[in-house]
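Only one chain is included here, represented as structure tokens and corresponding to the form predicted on its own.
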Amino acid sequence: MKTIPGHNTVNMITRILSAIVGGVLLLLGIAVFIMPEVISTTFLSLSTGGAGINSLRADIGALFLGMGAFALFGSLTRYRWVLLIPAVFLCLVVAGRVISMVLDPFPTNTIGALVMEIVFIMVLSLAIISHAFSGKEQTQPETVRAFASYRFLIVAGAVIVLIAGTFVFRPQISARVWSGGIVGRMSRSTIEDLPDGLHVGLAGTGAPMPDSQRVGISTFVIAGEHKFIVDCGPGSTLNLELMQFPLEETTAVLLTHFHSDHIGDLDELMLKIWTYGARTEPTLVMGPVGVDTVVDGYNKAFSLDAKYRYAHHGDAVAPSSGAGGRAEIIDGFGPDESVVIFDRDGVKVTAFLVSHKPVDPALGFRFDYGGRSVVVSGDTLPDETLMAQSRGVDILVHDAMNPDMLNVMTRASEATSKAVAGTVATDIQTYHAFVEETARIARDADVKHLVLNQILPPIPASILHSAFLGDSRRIFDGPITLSYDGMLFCMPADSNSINSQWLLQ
């Protein structure tokens, strides 16, 4: 083949550019492996909870790493045809974005990614074409010849017809998928299949500060046939529903204290408990002194809503006698600052006082069933009563904060004239436990597994976990879990195993 004048320069430029494309793709793949949450939201316009991180690394990370590796190999060797591989994958990615433009409202924050992908395709294509006209002797590889074969064209045509048919018949397909999917979802529940034992679910693991990964604090505990919900922060009722927790079977709602981030969803929670089970008695809400004020307030605020529900659905869904909540004050604490509030069918629930001044009283809860045990701390400073109640438990669910990270927020707020945010970041350190302190409690109380919730400050990416934990793993040599919404810990009765899984994707 005759060389085109000046072509060597063009060939070299496209080769360098394709190598840059490969490097960018490779770096993106590595970044997805290291900090999938940041890359997914910043560059890929994806939103995910904790359970989706695994898929991000496995699927998106592998895709970028593979494309990057092939692009670098093709640009740095004489096998320039290898650039076809990332080019084809990028074409499929662009096709997916175009399909979204046709079917769905196009999210404008993906325009940058679309433009970048088209530029990458152009660079790789030019590198392939430029090399083809370089005048160098080369044998057409089997891969390239395969694209021109009639068999490939038949397969490609069949795929195109299949995609086109899917577009044409998508209303019928959508209806069939909905019918099958909704029946399947309503007929199965992970929680219904749990073995007899003690099970702890995290419906909300966040704090008052905005956190894209977590909603307001809420923990459910299943002990044999009894089901309890500890606290109900904003947004947590929706997560309870998505986790398919049987709200209508709730034995009691237990409140640790009355900060808004612990009771902000009580109205929605009582409504769902009532209507999901057509319950004829108000939801039992137990908490420290003042719980009657909170429950009465919500009852009054939603009294009109309760009338509307009954008028619309009647006794089949919303018996008027079951609306709202019934408050029960937890008091009568003994010398050890604890009191048993539930003892039935082998299930024992103990409430105990914790240190969260100026909130007083504030409670934590211990659950015992089938030889297994769990403590939910509520909000507290390091506390001797909590230490005593946590002695030998299988799981300690404890609030945790990192003061160094909060101090950074304080300094940043001063630099940006956001004084209130800085004051809050400083003040909250006076009535919450530092993360290393929770590790010492777990170590000294011989806890089997430490689960940290109500994360302060919010941790948006897993790459920050080690910074948040500080020296905790040196202090406590047992497992430490930095919680996300949707986690479930299962402790079968009369065993030593602790199994975990996700109920939110």
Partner chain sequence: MKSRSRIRKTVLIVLGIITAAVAAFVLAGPPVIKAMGIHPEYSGQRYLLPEGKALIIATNHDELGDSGRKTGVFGSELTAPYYEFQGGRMHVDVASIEGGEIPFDPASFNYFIRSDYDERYLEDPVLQNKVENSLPIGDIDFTGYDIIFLAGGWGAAYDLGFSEELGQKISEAYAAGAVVGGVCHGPLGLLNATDENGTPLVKGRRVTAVTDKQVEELNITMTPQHPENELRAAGAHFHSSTAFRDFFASHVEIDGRIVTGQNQNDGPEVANLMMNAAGGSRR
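Residue numbers count along the first chain shown, from 1. This is a predicted model, so every value here is computed, not measured.
Omitted from view is the form predicted together with its partner chain, to which the following refers.
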- Note on the structure: Here the chain appears without its partner; judged in the predicted bound form, the stretch of 476 to 484, 440 to 448, 26 to 34, 55 to 63 with heavy atoms within 4.5 Å of its partner chain is 440 to 448
- Message: Does its partner chain, in the predicted bound form, lie within 4.5 angstroms of each residue among H226, N299 and R326, using heavy atoms as the measure?
- Response: no
- Can you pick the one in D343, D404, D336, E281 that has a heavy atom within 4.5 Å of its partner chain in the predicted bound form? D404
- Here the chain is shown alone; which of V123, A425, A433, A207 has a heavy atom within 4.5 Å of its partner chain in the predicted bound form? A433
- Query: Is P246 close enough to touch its partner chain in the predicted bound form, meaning at least one heavy atom pair within 4.5 Å?
  - Reply: no
- Given that the partner is absent here, does K418 sit within 4.5 Å of its partner chain in the predicted bound form, heavy atoms only? no
- Query: Counting only non-hydrogen atoms and a 4.5 angstroms cut-off, does R411 reach its partner chain in the predicted bound form?
  - Reply: yes
- With heavy atoms only and a cut-off of 4.5 Å, decide whether P319 touches its partner chain in the predicted bound form. no
- If you look in the predicted bound form, which residues in 251 to 287 sit within 4.5 Å of its partner chain (heavy atoms)? none
